[in-house]
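Only one chain is included here, represented as structure tokens and corresponding to the form predicted alone.
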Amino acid sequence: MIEEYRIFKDESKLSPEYIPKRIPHREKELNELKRYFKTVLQDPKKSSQQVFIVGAVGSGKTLISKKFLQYVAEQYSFHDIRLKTFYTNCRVNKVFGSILNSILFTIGQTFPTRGFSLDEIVQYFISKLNEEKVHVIAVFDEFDALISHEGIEPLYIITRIREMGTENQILSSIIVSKSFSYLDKADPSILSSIQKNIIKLESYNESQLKDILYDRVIIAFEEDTVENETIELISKLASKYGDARYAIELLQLSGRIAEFRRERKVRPEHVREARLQLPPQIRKEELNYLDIHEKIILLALTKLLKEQLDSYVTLKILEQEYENMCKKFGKEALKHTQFWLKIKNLSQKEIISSTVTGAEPKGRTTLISLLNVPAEQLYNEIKERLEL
């Protein structure tokens, strides 16, 4: 009988959804968030707040916003007004009317979004929260994705909704994004209202990443299964990007490799192998958020790049391959304009690059390529998701 060794004690503690009890090197920012909302928590009927959290991928933005909502839900209750918390990822839900409807659903209300203007939905939203005497603290994560899809109007509405409320304050917001680049579309009046209440997260350094990893090893792995040299190597590799999420993903994949090989410990050699399988530019959870046509486009692109061994393909050839793959998966292909919008969306997400060559309109050619992602690996990742 082959002796088996358990590496993981609880692998779920390494998932992006897990909220740890301790958040090393982000306690200061969490306390800052609590201070901003102090008056709201003391009297949510009379006070509201809007805070912006900005930082690079893997800097802890989602973690501290979810940790704060958890804190509010556990610590506060009111007799004369209900305080509710709400979280949405705007890369997943890009329709603002639908987001407002989701908030209403948490208090037992709903509103048909089709056939009504956004103004009508907003007015209904305000009236129902007033009627139900509810104050909602809402986190709008990856807010820049919502602005890319719908323009700047959602920011105006969220910022001004306190003035639209008549009886009491009904909405506070935490707006999370990688940067403030979307504010290029805003006018001075909106810019002046957000000059304060900004929490900027710096990328983690090597020492900080090491602390984070040690915490996760204790709760996710069996005792004495992860070598110190393994944590040091992962911290060093991930510090180049300052990305805690990448560091944790690298730790998890290294553990899986060791467990698959029935080895007793997670060693640096497992990390080196995991690194080849997990380029830091790939955010696997973001692939899950792509719609069916975006996934088919990526599958078509990676297939062509693998077969032709070129660094790019033309938009025309990619569209033809996309149409062929739509037939394979039983989907009706998008028209050219819709297809082009999907290409732009994938480019904005920094998954692909789109370059136009040629000076004359008729002589222009659009070249599509991948950004720092091996075609073979991305092909396998997308294919797996399409075949589930």
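In this text, residue numbers run from 1 along the sequence as written. As the structure is a computational prediction, the values presented were derived from the model and not from experiment.
Just so you know, the form predicted in complex with a small molecule exists too; it's not on screen, but the next bit is about it.
Colleague: May I ask you to choose, among Ile248, Ile199, Ile147, Ala274, the residue with a heavy atom within 4.5 Å of the small molecule in the model of the complex?
Modeller: Filtering the options by heavy-atom distance leaves Ile248.
Colleague: Please identify, from 320-328, 30-38, 52-60, 344-352, the stretch that has a heavy atom within 4.5 Å of the small molecule in the model of the complex.
Modeller: That would be 52-60.
Colleague: Hey, in the model of the complex, is Leu370 touching the small molecule, heavy atoms inside 4.5 Å?
Modeller: Residue-level check for Leu370: no, no contact with the small molecule.
Colleague: Indicate whether the small molecule has at least one heavy atom within 4.5 Å of a heavy atom of Pro24 in the model of the complex.
Modeller: Contact check for Pro24: yes, within 4.5 Å of the small molecule in the model of the complex.
Colleague: Residue-level contact is defined here as any heavy atom of the residue lying within 4.5 Å of the small molecule in the model of the complex; does Tyr379 satisfy this criterion?
Modeller: Residue-level check for Tyr379: no, no contact with the small molecule.
Colleague: Contact with the small molecule in the model of the complex for Ile212, defined as at least one heavy atom pair within 4.5 Å: yes or no?
Modeller: The answer is yes: Ile212 has a heavy atom within 4.5 Å of the small molecule.
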